[in-house]
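This document starts with one chain, in the form predicted alone, laid out as structure tokens.
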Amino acid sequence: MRYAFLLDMGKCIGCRGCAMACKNFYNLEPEMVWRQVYPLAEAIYPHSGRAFLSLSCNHCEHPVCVTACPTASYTQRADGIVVHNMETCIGCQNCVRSCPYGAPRYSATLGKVQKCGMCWERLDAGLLPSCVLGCVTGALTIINLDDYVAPGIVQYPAGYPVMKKISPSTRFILPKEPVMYGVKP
């Protein structure tokens, strides 16, 4: 079993419900965000306002945050989830500088780093992560990478940094060209 986020970019409307659900569930301070929603650039997808990337920690197969941390505050569970222990974090920000996806975030208020843990406590209890529950369109789901097979799933959509050595677990279904009703091709 290896957990991963799956984002159907054709269903994501950019409402940020996933980000707000995460923020509310963890009672994050106003400036702290673990999940971000980005509109796709028109150079990548020429239909402005129609495609978005909802991103948090990728829970990489070979996470650099684990090796960059001098206090071993990161562990990777057998199911692939990368967990950060704030009790042992000294706030050095090595993980922040090392992560090419910007997942670990420094909290000046706490003097420590925080990041998405894929709501591992909820998953262990048989519940979905808060961001998945907050997605009103069903664009964001959790899959098991070990047995999930579907056509059209990609690991690196256009504009997404390719990092094959660390192998991010997040997968994407690319957006399709929108149907323009009443317009002849």
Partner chain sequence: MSFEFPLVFFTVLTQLACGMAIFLCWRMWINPDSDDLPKRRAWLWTGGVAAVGLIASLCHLGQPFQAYMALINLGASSLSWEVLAFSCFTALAFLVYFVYSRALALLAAIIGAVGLFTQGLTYAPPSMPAINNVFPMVVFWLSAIALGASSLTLIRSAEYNLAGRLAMCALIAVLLIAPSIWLSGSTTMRETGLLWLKSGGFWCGAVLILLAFVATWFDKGGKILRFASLFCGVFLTRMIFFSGTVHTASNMGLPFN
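Quick caveat: nothing in here was measured; it's all calculated off a predicted structure. Numbering follows the first chain given and starts at 1.
There is another form of the same protein, the form predicted together with its partner chain; it is not shown, and what comes next is about it.
Only one of Gly159, Pro30, Gly138, Gly152 comes within 4.5 Å of its partner chain in the predicted complex through a heavy atom, and that residue is Gly159. A heavy atom within 4.5 Å of its partner chain in the predicted complex is found for one listed residue only; from Leu174, Met163, Met20, Cys15, this is Met163. Looking at Asn94, you'd find a heavy atom of it within 4.5 angstroms of its partner chain in the predicted complex.
At a distance threshold of 4.5 angstroms between non-hydrogen atoms, Ile90 is in contact with its partner chain in the predicted complex. Under a 4.5 angstroms non-hydrogen atom cutoff, its partner chain in the predicted complex has Leu53 among its neighbouring residues. Not displayed here, its partner chain is kept clear of Val83 by more than 4.5 Å at the level of heavy atoms in the predicted complex. Of the candidate stretches 22-30, 65-73, 121-129, 141-149, only 65-73 has residues whose heavy atoms lie within 4.5 Å of its partner chain in the predicted complex.
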